[in-house]
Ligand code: NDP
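So this first bit is one chain, no partners, the form predicted on its own, shown in C-alpha cells.
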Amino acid sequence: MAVITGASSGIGAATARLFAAEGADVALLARRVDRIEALALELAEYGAKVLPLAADVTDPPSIAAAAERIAEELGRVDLLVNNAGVMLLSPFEADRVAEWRQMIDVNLTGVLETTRVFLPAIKEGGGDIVNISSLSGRVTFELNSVYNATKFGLGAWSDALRKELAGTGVRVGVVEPGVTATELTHHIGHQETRDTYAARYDGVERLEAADIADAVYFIVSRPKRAAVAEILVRPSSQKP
C-alpha cells in the first residue's frame, strides 16, 4: 500500500495512477480535497482501494490523523512517497522571507514530519521511502538559492537516513527531476523570476509527470537486495 503526499496534481497524481494500475492500494494526501476525491474515483476503476485524505505536511496533527485512518482502512504501509513541494523562486535580495519559510516548511520540515509519522509502520513490513527532490538538489541556479537550499538539504537528509536504516529492511531513495510539466512554476510570485525561468527552458521539451512516476516505480520494484538510492531524470534537451 502506497501513501503519496501532494497527490492532487502533477507527479503525485501520476504516481498514484501508476501504482493503482499496478494493483496497489493508495492513500492520497493533499490539501485540495476536491482534487484527490476526483482522482480517487478515477483510480477506483483499477479495482484498488483508494483513500483520499485532507492533510497538510506543514500541519503534523493532520498527518498523524491521516496515518490513523490509513492504518484502520488500508492496513500496512509499504511505501511512502514524499512528493509535496513548492518552488517559490526569487532573487535572494527580494527579501521574500515568507516564501523562504514556506519552502523550508514544505520541502524539508514537512518531509521530516511526514516520515517521522509513517516510519514505524514502514519498518514493520520493510517498506520503501521515496523522496521527490529536484535537479536543484544537485545544481545551483541563480534566483533559486533558497529552493536550492531545501533540495540540497533533502538529498543530504535522505542519504543519512538511508545509512541509519540500512539493515532494517527499509530502503530510502530520491528522485531528482529536471524541468517537468507540472503546476510547480505556476506559483512563482516574483514575475521577473517567472519570466526568466520560462526563458531559460524555452525550447526544452519538458518531462511529463508520468516519467517521474516511472522512476519511483523502478526504485521500489527492484529486488530487496538492491537499493537504488538516487535517480536523476533530465529532459533529453536540458543542458544544466
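All figures in this text were calculated on a predicted structure; none of them were measured in a lab. Numbering starts at 1 and runs along the sequence shown.
Keep in mind the form predicted in complex with this ligand is missing from the figure; the text below concerns it.
For the options Arg32, Arg194, Lys49, Arg200, the residue carrying a heavy atom within 4.5 angstroms of this ligand in the predicted bound form is Arg32. With a 4.5 Å cutoff on heavy atoms, Val86 counts as touching this ligand in the predicted bound form.
Shown alone here, Leu184 lies within 4.5 Å of this ligand in the predicted bound form, counting heavy atoms only. Shown alone here, Asp211 lies farther than 4.5 Å from this ligand in the predicted bound form, counting heavy atoms only. Looking at Tyr147, you'd find a heavy atom of it within 4.5 angstroms of this ligand in the predicted bound form. Only one segment in the set 78-86, 92-100, 158-166, 118-126 has residues whose heavy atoms sit within 4.5 Å of this ligand in the predicted bound form; it is 78-86. Using a 4.5 Å cut-off on any heavy atom, the residues of 44-78 that reach this ligand in the predicted bound form are, in sequence order, Ala55, Asp56, Val57, Thr58.
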